[in-house]
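Below you will find one chain, with nothing else, as C-alpha cells; this is the form predicted on its own, and questions on how it binds or moves follow later.
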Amino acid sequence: MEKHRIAVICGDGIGPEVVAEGVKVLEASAARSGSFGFEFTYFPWGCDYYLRTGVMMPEDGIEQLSGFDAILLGAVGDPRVPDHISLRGLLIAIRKSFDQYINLRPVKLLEGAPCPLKDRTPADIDMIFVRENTEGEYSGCGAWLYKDSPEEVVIQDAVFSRKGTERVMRYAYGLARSTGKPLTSISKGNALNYSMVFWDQIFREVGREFPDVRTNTLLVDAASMFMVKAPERFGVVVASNLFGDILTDLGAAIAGGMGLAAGANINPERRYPSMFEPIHGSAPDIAGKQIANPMATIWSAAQLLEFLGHADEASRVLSAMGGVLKEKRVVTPDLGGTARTRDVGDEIASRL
C-alpha cells in the first residue's frame, strides 16, 4: 500500500478544529480506497509557539518539513502577534523556502452553496485562480527611512523576475489548455508602468507557445467588477501575488463564503513538499467554539488528494461536500445551520 507522509501544522485560532476534520476526511478517503494511506506528523508551530520561543517555527523548521510528501496547514494569526511577523515567520517562509510558486485557489460554486449574486448557478461560477506565490508585491523588499521623524519615508518594492513571471504564466496556460477553459490575465499596466507592463509583455510572449488557448487581459479593477456582474466569463485566471490574494477573497464571497475557500501552494516540479490550506484565516473570535466551517480545509484536503495522484478520491470529497450543502441538514452557523465543526467532518467522512 502506498503511504503518504503528511506534515500537519494546525496553527492558530480555529486552525486545530478545522484541521482535525480535514485529517478525518483524508483518513476516510484512504480507508474507502484501500490502495493508499497516510502517516501524519504534527508540528506545534504558530503564534502560541512564538509567544513561548520568540520564533514562529524553529531554526531548522524547513529542514524538518523537507522530507514530507505534503503539508496541511490550518491557519496563522493571533491578535497578540503582529500580522507581518506571524505571516512571514511561518506561511511565507514555507512558501518561499519550498519554492511553492503556484497558488491554486478554486472559485467554484458548489450546488447548494449560498451565492449572493441573483440567479447564478454553479455553471456560472467555475474558475480557478493561478496566483504567483513567491515574489511580486509580497517579496518583502523595501526600506523604512528616518523612522518616527517628520521626514519618515517608507518604500515597498514589488519584484517581478522574468523566470518567476514566465513560469506562472506557463503553468496557467497549461492549465487552461488541459481544462479547455479560457485564460484571463489580471493586470494594472495603465498605472504600474514597470511591473505590470512587464507582466503583460510576458503574458503575450508565453502565449505564443499556446496558440490554441483563448485569452483575455483585464485591469484588476475591471476584473473585480466583472467577477460580480459576469462571473461566467472567467475560467483560468492568472494574477500577481497581491491581485490574486484580493480577488480570491472576492471569489470566496460569491462562491459561498470564506468557509468554503480552499488553497494550495504548489511546487510543480515536486522538488519540495507542497502545502494545502484554507484561506479564511484564524478567526480568533470563534476559536474553540466548534462553530467554524471546516469545508474550506476539507476542500484543501481534496486538493492534496488530487496532487498526490488520487483525483477520483478528490472528486468524491467534493461530491460529498455538495451533498451536505444541498441538504443543508448538517452545516455550520455561517451557512445557516446549527451543526458543530466536528459534525460536518463526520457527515462528509461518512458519505465517502
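Residue numbers here begin at 1 and follow the sequence given. Nothing here was measured: the structure is a model prediction, and the numbers come from that model.
Missing here is the form predicted in complex with 3-isopropylmalic acid (IPM); even so, the following discussion is about that form.
Contact check for Arg120: every heavy atom lies farther than 4.5 Å from 3-isopropylmalic acid (IPM) in the model of the complex. When contacts are judged by a 4.5 Å heavy atom cut-off, Arg95 counts as touching 3-isopropylmalic acid (IPM) in the model of the complex. 3-isopropylmalic acid (IPM) in the model of the complex comes within 4.5 Å of a heavy atom belonging to Arg105. Within 4.5 Å of some heavy atom of 3-isopropylmalic acid (IPM) in the model of the complex lies at least one heavy atom of Tyr138.
With 3-isopropylmalic acid (IPM) left out of view, the stretch that reaches within 4.5 Å of it through heavy atoms in the model of the complex is, among 85-93, 219-227, 143-151, 200-208, 85-93. With the partner removed from view, the residue among Asp99, Asp245, Asp78, Asp126 that has a non-hydrogen atom within 4.5 Å of 3-isopropylmalic acid (IPM) in the model of the complex turns out to be Asp245.
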